[in-house]
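In structure tokens, one chain follows: the form predicted on its own.
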Amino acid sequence: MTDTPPPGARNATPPAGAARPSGQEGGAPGSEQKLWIERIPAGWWALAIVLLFMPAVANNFWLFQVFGWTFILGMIALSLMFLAGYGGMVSLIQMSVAAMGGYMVAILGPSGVETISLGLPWWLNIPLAILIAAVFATLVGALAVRTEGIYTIMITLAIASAFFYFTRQNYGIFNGYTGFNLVVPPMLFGVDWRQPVAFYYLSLGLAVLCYAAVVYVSRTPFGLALQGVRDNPRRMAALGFNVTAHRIAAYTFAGAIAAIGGILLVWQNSQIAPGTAGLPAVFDILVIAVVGGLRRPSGAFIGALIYVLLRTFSPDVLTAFELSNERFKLLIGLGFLVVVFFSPDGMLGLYDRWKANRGRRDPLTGKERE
């Protein structure tokens, strides 16, 4: 699994006593290593400044409904991106895992259904909710990783469907069709975290943490081994890696991220019902991940923003053309088909193609270089 050195690299070591090139110390083969803060592209810093100062220019609707919802759906889609992009496993259970996390917060913590909710403090019910959702994802993963391709999709879809009907029919734990209401974030540091500005920063901060966690894990030995399992599981098994264990662990990690998004989703709506884990919501997460791009973590949030904008404003567009606003799914479906038709890699794939074409063009004449 190690990289093969380039021709002549074995003989490239300078003799003892030879002068080292300036800027190299301790025998480093390249220039001085940059700090992590210097390796972040300027575009990311610009985006960070825009997001940090967004409350200064955006109203409460955009902060709470548009951007807050984008960050939440982006985190749930990010968990799917981790499984599909780095593990090669397309799972349709991520929305159900997110709903499990939301349900556990409502059941273990305070809610409007006092006969069921236990009312545990936030520092106990939130970690327990994430843990239970991660265990649920692990159990599903233990079943799903023994299949591949379309069979993985079908078994996770079947479990997601079973979870939806179970929550709708069970009244002793999940309160059936009604679900739970008055599920709000705890008051911490004297801040009402459900206010638009506070909730915006809460969802933004957790989205950044989840994004950073995925990027970090993808570069760890576990993440690199998982990508090796994705590309050639038979070879990885021959090298001594436990393919099944790596795949199940990926479900656990992705389940924790989805649970965080599910908890925020419940806090945003202040309620949860079986529809949160319904099949339309399950497929929406797949659409979001595919539209954004499954190869990089940022694609999950790009797809989430596109979906939220279409979901929020498409009814107004349909009404303007004297069409039923209940057909907003039609516009979302058409947008999905257009993106996939022109780029199977989603919006990030379109951007990569545009960037590659731009690099082949002469900046003076605008023509492609030969």
Partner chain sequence: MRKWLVASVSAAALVLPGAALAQDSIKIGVLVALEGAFAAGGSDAVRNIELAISEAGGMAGGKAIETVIAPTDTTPDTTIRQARKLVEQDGVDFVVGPLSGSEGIAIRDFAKTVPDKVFINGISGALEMTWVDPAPNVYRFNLDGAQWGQGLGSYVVNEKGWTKVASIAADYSFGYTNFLGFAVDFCRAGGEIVERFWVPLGSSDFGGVIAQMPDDVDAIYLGMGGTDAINFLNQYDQAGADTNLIGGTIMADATVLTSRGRAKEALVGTPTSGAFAPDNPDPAWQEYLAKYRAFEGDEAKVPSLFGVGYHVAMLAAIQALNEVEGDLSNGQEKFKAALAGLELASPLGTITLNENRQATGSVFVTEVVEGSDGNLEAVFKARQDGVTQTLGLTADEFRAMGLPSRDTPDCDALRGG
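Positions refer to the first chain, counted from 1. Quantities reported herein were computed from a predicted structural model and do not represent experimental measurements.
Not on display, but discussed next: the form predicted together with its partner chain.
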### Candidate spot Trp44, Ser117 and Ile130, all three touching its partner chain in the model of the complex (heavy atom, 4.5 Å)
no
### Query
Hey, in the model of the complex, is Leu330 touching its partner chain, heavy atoms inside 4.5 Å?
no
### Message
Does any part of Gln169 reach within 4.5 Å of its partner chain in the model of the complex? Heavy atoms only, please.
### Response
yes
### Query
Do Pro315 and its partner chain share at least one heavy atom pair within 4.5 Å in the model of the complex?
yes
### Task
Indicate whether Ala273 is a 4.5 Å heavy atom neighbour of its partner chain in the model of the complex.
yes
### Query
Only one of Ser298, Gln268, Ser111, Thr152 has a non-hydrogen atom within 4.5 angstroms of its partner chain in the model of the complex; which is it?
Gln268
### Heavy atom contacts to its partner chain in the model of the complex at 4.5 Å, residues of 94 to 132 in sequence order
none
